[in-house]
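We begin with a single chain expressed as structure tokens, specifically the form predicted on its own.
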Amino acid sequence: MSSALINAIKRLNISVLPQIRFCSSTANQSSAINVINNEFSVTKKEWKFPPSYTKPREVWIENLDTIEEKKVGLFELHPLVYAAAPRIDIIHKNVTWQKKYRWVSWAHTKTRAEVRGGGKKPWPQKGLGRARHGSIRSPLWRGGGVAHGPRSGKTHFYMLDIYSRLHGLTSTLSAKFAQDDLHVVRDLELPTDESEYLIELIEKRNWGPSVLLVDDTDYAPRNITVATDSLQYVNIMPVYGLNVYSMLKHDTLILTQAAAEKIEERILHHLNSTKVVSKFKLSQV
């Protein structure tokens, strides 16, 4: 199997291929192929959380320094993160949660104490044969206050459990990868800061009308920051801010190699953690 894969890669005529990693037959080991003068050397790599029943997925590492797409390597993705069974209900639960926790209702009604007028009893309590009333601004009167109406500044914040958030991320990443809307690049370095270069690159590679770029840090290179400043459909996000709503809002998800590794590392850590998660409190640190 390894020789067949190596021969297939040679026929692709890839110019720069610093590292290719593929899964071996063992469950807890994988192989790394280093290319030096068209010679392949296979080395073993230990998995921290090896997949038990499925094989790792592979994706090409692409470049951003040229308009034409060049494959500079193969990158291995953990199947528990990038090849999980998509749960549409969990994705919907995450989207609903993200929409509601930033929704503040500013609808406001006045109570009987805040409306203008009133102050004295409209007629005597007894003797006239009329209904008893103490104020013309009660909710029973036209122009009176509103009972149990909406009050401004009402938040709809609630906290979703950590497992729903984790499986929401894995489901969305897996759906993007299965639909060929997830791409891995070596870094976000561009040769120029002109927006036309990035527009042509996106159009040439069919990355869709909207693109989300994710890096492992919040310090993006200057060229890509300036190039995306005037493009409303291209956004840059650090890896710690990746969420389900942003991934669904954009058609194409572009991860740097470092960001893909960090996403995989953190999600696998929480999925395999035995620590009991305490109930969320607003005052907790």
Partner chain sequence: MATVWRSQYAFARFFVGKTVRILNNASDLGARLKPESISIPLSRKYSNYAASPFVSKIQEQYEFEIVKNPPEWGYVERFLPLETVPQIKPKESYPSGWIAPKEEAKNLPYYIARNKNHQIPIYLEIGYRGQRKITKIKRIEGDIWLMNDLIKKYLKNKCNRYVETRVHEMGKFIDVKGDYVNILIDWAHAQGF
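Numbering follows the first chain given and starts at 1. If you're wondering where the values come from, they're calculated on a predicted model, not measured in any experiment.
Missing here is the form predicted in complex with the partner chain; even so, the following discussion is about that form.
Visitor: Any chance R137 has a heavy atom within 4.5 Å of the partner chain in the predicted bound form?
Guide: Although the partner chain is absent here, R137 would stay clear of it in the predicted bound form, with no heavy atoms inside 4.5 Å.
Visitor: Quick check on F49: any heavy atom within 4.5 Å of the partner chain in the predicted bound form?
Guide: Yes, contact at 4.5 Å.
Visitor: Does any heavy atom of R186 come within 4.5 Å of a heavy atom of the partner chain in the predicted bound form?
Guide: No, R186 sits far enough from the partner chain in the predicted bound form that none of its heavy atoms falls within 4.5 Å.
Visitor: Quick one: does A85 come within 4.5 Å of the partner chain in the predicted bound form, counting heavy atoms only?
Guide: Within the cut-off, so yes.
Visitor: Which listed residue (Y197, Y163, W141, Y101) meets the criterion of a heavy atom within 4.5 Å of the partner chain in the predicted bound form?
Guide: None of the other options qualify; the answer is Y163.
Visitor: Counting any heavy atom within 4.5 Å as contact, can you tell me which stretch out of 254 to 262, 66 to 74, 50 to 58, 222 to 230 lines the partner chain in the predicted bound form?
Guide: Contact-bearing stretch, as computed: 50 to 58.
Visitor: Even though the chain is shown alone, can you say which residues of 247 to 270 have a heavy atom within 4.5 Å of the partner chain in the predicted bound form?
Guide: Heavy-atom contacts within 4.5 Å come from H269 alone.
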